[in-house]
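As structure tokens, one chain now follows by itself in the form predicted alone.
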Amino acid sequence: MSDQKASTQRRVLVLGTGGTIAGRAASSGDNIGYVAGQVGVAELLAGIEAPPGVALEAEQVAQVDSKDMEFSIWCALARRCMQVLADPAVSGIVITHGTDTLEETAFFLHSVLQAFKPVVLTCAMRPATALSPDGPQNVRDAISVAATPDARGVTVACAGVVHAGRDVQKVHTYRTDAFSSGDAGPVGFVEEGEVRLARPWPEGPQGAHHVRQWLSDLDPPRVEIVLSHAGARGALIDALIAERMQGAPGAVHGLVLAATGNGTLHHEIEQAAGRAQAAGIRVVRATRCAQGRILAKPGDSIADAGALSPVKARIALQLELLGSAGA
């Protein structure tokens, strides 16, 4: 390859983390009885033709079923993304990921990265051994997004749709188009390798967390999610308070209450949450509803997470607690 041709190519780094997209099953007709995280990212790319003018590189960051995703892997991903974002020779990043916790990883990366280049997560609902796997097309689409001039931000490419990392949510257990952006709507669509935008590329949060101060293998502040429901009781919250008061190792630092409707709580959960706040535990409400946001009311005694889902509110609270610890 000539130096001139090499200089005009757009380099995209593909980071593998495992998931269904890297899964194997005993037969091609089995789309659910597979073992996730079996196929390396280099092997995944072997059968995918890069778009014209794009050079691909592959690295394996992790190889896990995404239901088992850990904060340490998020930190490793964030560190590598920071390095690549600072490399002028690389146009964008693709991350292959399992679908179960994809929305959490996407939100974490959205929260901690100044992604002035595209960071595109992609996935599959069928394993690599399926009769008709969806992974290869999703990867190809994600590469197209990552190589698009002027693209930026953390996004997710799945089933031809591009979602913002802040908004994306898994909404179906089985269909290949398992993700939605809710009220916000998709960022755009990938059509035969071309990206058609429906709204501007996502911007990172104002004052994104300075991850280099705390990205390490240390355990993050423990934040638990407690569901409010009909007949709920406060015993679980009281048990977490007791751990905290006894100084138990790994005691809880924060609670996210998965609230009903517009942030409402069963009265026993609300009373227990008040006791948690009095014990020095940070408490935040997030709605269980798949769409909409909590509209605050005067006199609310517990802060709300706005439009964030409970799992995203948990990450936001962890990062806030980390930032406070490092201040």
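Since the model is a prediction, treat every value here as computed from it, not as a measurement. For every residue, the number given is its place in the sequence shown, counted from 1.
Here the subject shifts to the form predicted in complex with succinic acid, a form of this protein not shown in this document.
The partner is absent here, but in the predicted complex a heavy atom of 36, alone among 286, 273, 36, 44, sits within 4.5 Å of succinic acid.
Checked against succinic acid in the predicted complex, the candidates 48, 56, 302, 64 yield a single residue with a heavy atom inside 4.5 Å, and that residue is 64. Segments offered: 294-302, 274-282, 28-36, 260-268. Contacting succinic acid in the predicted complex at heavy atom distances within 4.5 Å is 28-36. Remark: residue 224 does not count among the residues lining succinic acid in the predicted complex, judged by a heavy atom distance of 4.5 Å or less. The closest heavy atom approach of residue 124 to succinic acid in the predicted complex falls within 4.5 Å.
None of the heavy atoms of residue 152 is located within 4.5 Å of succinic acid in the predicted complex. For residue 170, a non-hydrogen atom is located within 4.5 Å of succinic acid in the predicted complex, even though that partner is not displayed. In the predicted complex, 19, 20 are the residues of 12-29 with at least one heavy atom within 4.5 Å of succinic acid, listed from first to last.
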